[in-house]
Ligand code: XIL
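What follows is a single chain, given as structure tokens, in the form predicted alone.
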């Protein structure tokens, strides 16, 4: 489909299996932030192979299929992330106003955690699958109902959900780039912002995502409208952490190689990206591999979720769009995805070492071997002393002296990067990326040697990522 084509609408009716709807960066070259790589054994499952690069490979799970042993055997073996297909949506969780029902959602959640999987929450605010009582509301009454719903659902799952699709499908199809006309939109143009702010207060630990379809092609108006919203939110401090690309590829909305550009462009805004509902008409092995490699090429791509286990579980079974046939056998597309995941470089392992600036050849250093909270780190000749030994932990911290963390004093350009007693905040967590950058989880900004400095004493700050040599680092 050309750049002027109009993406067709996706029709969604509630019929059974209806659709709806930690990255640690991959490291692999001499300029990146790892010690020399050792080869890693190929994994035999999708989730295991994805985990090697710090990502997940997940699936949508329907509670009604959890009694199907073939279904649960495949899902339990292959995937390390789960999204509830319908069970956490509005009509399922609040069928009567103020009366929440988590029976089906909890069944999916409990199965997932009992089988060692993380859970994505889907979805909190959406124009579709609203119960009748919500459909009848408008204006301020609807707005209050939306915030109450977010608080109720996120409160129930607080601290348990890795990512929430806070808002789903708020943009119109076609070439207008406009918001979708819905009862939520008619409650005021700020409804999406209100939803995200409510969600942040309800569960500060969850990643908050905006999720949509037909936004994979970078040239489409809908994609550009979503990009403008995310950029605005980041500039104004609206709490958005990630963007989900549903990725339902078919003859009307085909895969385009510029999908990687789309993922990279959103990631550059300082948000994570995720492929949230992947299915591909005909299950082309080449296209599945391309999509997987697009995610692997973007350090901030958290992972991939396919929308169903077998073709018979798909919302579009006539398209044969998934990785497993109805009898549970693996398709060629499965092998192509597994091979792509296994070819990715492994995530950095925990361990101590110096962090050397690529541009300067000097090391990340705590001046005067200070242990005082608030001491700004700098560049200094590498000397292997304890004030240059940084341990990268499984939690994403960079620790020095064992109990002090590399800490961002804020989230804006020019923010001081210092040491501070470790306390687990996102301002003390970092992603080590394949391009050698070190990105703050909270800010999305890069660890930067000020003014492109290379001399002893050059101070370290946060700054917008530019791939400059003063923002690339290697662990030695």
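Just so it is clear, the model here is predicted, and its values are computed rather than measured. Positions refer to the first chain, counted from 1.
Another form exists, predicted together with this ligand; not displayed. Remarks below refer to it.
Label the site open or blocked after overlaying this ligand from its pose in the model of the complex onto the shown form by the C-alphas around the site (blocked when 3+ ligand atoms sit within 2.4 Å of backbone or C-beta).
Result: blocked.
- Task: Spell out, yes or no, whether the shortest heavy atom distance between residue 277 and this ligand in the model of the complex is within 4.5 Å.
- Result: Yes, residue 277 is a contact residue.
Exercise. How about residue 169: is it within 4.5 Å of this ligand in the model of the complex, going by heavy atoms?
Worked result: Yes, residue 169 is a contact residue.
Next on the checklist: Although the partner isn't part of this model, could you tell me whether residue 89 comes within 4.5 Å of this ligand in the model of the complex, counting any heavy atom of the residue?
Outcome noted: Residue 89 belongs to the contact set for this ligand.
message: Considering non-hydrogen atoms and a 4.5 Å limit, does this ligand approach residue 85 in the model of the complex?
response: Within the cut-off, so yes.
- Task: Name the stretch, out of 385-393, 332-340, 125-133, 104-112, where some heavy atom lies within 4.5 Å of this ligand in the model of the complex.
- Result: Contact-bearing stretch, as computed: 125-133.
**Asked** Is it true that 427, 443 and 463 each have at least one non-hydrogen atom within 4.5 Å of this ligand in the model of the complex?
**Response** No: none of 427, 443 and 463 comes within 4.5 Å of this ligand in the model of the complex.
Just one of 259, 196, 249, 307 has a heavy atom within 4.5 Å of this ligand in the model of the complex. Which one?
In short, 307.
- Answer with one of 324, 380, 315, 71: the residue that has a non-hydrogen atom within 4.5 Å of this ligand in the model of the complex. Here the answer is residue option 315.
Checklist entry - In sequence order, which positions of 185-213 have a non-hydrogen atom within 4.5 Å of this ligand in the model of the complex? => result Going through 185-213 in order - heavy atoms within 4.5 Å of this ligand in the model of the complex - there is one hit, 211.
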